[in-house]
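Okay, so here's just one chain, in structure tokens, the form predicted alone.
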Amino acid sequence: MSAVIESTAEETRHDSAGPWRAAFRRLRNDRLGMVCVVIVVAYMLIVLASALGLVARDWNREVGVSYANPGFLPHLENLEAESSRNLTAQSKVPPVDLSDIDPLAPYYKELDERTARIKVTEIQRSDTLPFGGDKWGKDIIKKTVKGAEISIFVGFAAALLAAVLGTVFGACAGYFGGRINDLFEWIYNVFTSIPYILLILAFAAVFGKGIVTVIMILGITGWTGIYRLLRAEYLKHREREYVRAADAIGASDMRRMFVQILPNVSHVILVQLSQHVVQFIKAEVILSFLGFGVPVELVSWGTMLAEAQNELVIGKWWQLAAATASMAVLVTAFSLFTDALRDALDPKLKALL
């Protein structure tokens, strides 16, 4: 009899592995979600390698001619490359003897000898690059990798800031209620009454350019959605038995808010965080495209798109294609991963849908 009871208890422990392990098991069974996880992880590894200088370290180096053709389109007409070849050919033409009419002709030989002693390293610019070059001959692939580092870092940092602000504000408003709730509701209404893009542009015009500035702007303007959800969750959880039990044993308000309630609503924060990453990556691209984003000495997907709008007029499309394709793949994969994560953390919602 005792053996049967022990076997039943063991099976029960195996079945109740915990909410996070069960969520991971549901996510692992979602094939599309796992494919998106692989894509997102691959992007993160590329960003990490770029930040450490393992790849795209020399993205700013001018290695090709202006608007170098992609390697798979080597015979595409390129007037800049043709002009460079003509200048090289002209430099190899022997000089004309003007000694009979030029009074400085006797000094040319001495000048040539002095010039020969000065070693000048001439960079050989390539007519083609793997995915083409920009106006200054920079490799588009390396620019795209470096741009991914800036855009993704800004998206993640701004989303983390917005999640922290939304969580703290929502926890205080939902748990305490009363005047504190009224104060945060007033702030929330002020932020949501102004169109989102106009609010971002207003902050950007005041604070100027810079990566830290963009992160602050996006984080300060993007906390409202997380706040609304967390406030509702705290209003619901503050009256539950486990919170009252913590109050009965003398737990402080901070402990009940962030030790007792917060772990039970963390799945909401996690889903909102992943959604805001996608939203802020797109917002950074828009800001940089409009000239309010990262400074000119850096590169992001937004600055690449800003440069590409002028290149399209002369038929140079590869910078636009590289930045757009990279951003589209990441945003799509991250959005689908967010949906899979939401379904894994809240299977009841998927059943209702």
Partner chain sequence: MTAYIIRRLWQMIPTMLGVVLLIFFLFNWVGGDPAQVLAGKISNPEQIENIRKQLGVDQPFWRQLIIFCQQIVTGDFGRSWSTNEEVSRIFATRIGPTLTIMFPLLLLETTLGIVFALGVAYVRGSLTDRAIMIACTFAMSISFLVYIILGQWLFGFLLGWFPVQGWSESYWKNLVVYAPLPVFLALLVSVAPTLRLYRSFFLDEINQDYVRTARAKGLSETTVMFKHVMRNAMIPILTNVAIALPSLMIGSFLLEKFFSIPGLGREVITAVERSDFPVIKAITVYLAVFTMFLNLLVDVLYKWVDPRVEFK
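Note that the structure is a prediction, hence the values are computed from the model and not measured. Residue numbers count along the first chain shown, from 1.
One more form of this protein should be noted, the form predicted in complex with its partner chain, which is absent from this view; the next part is about it.
Contact check for I194, K282 and V331: all three have a heavy atom within 4.5 Å of its partner chain in the model of the complex.
Between the options I286, M44, A51, L27, the residue in contact with its partner chain in the model of the complex by a heavy atom within 4.5 angstroms is I286.
When its partner chain is considered in the model of the complex, only one residue from Y67, W318, F292, W59 comes within 4.5 Å through any heavy atom, namely F292. Contact annotation: V313 falls within 4.5 Å of its partner chain in the model of the complex, judged by heavy atom distances.
Contact annotation for L160: none of its heavy atoms lies within 4.5 Å of its partner chain in the model of the complex.
In the model of the complex, its partner chain sits beyond 4.5 Å of every heavy atom of A23.
Proximity of F72 to its partner chain in the model of the complex: non-hydrogen atoms within 4.5 Å are absent; the residue sits far from the partner. The partner is not drawn, yet in the model of the complex one stretch among 198-206, 231-239, 125-133, 261-269 has residues with heavy atoms inside 4.5 Å of its partner chain: 198-206.
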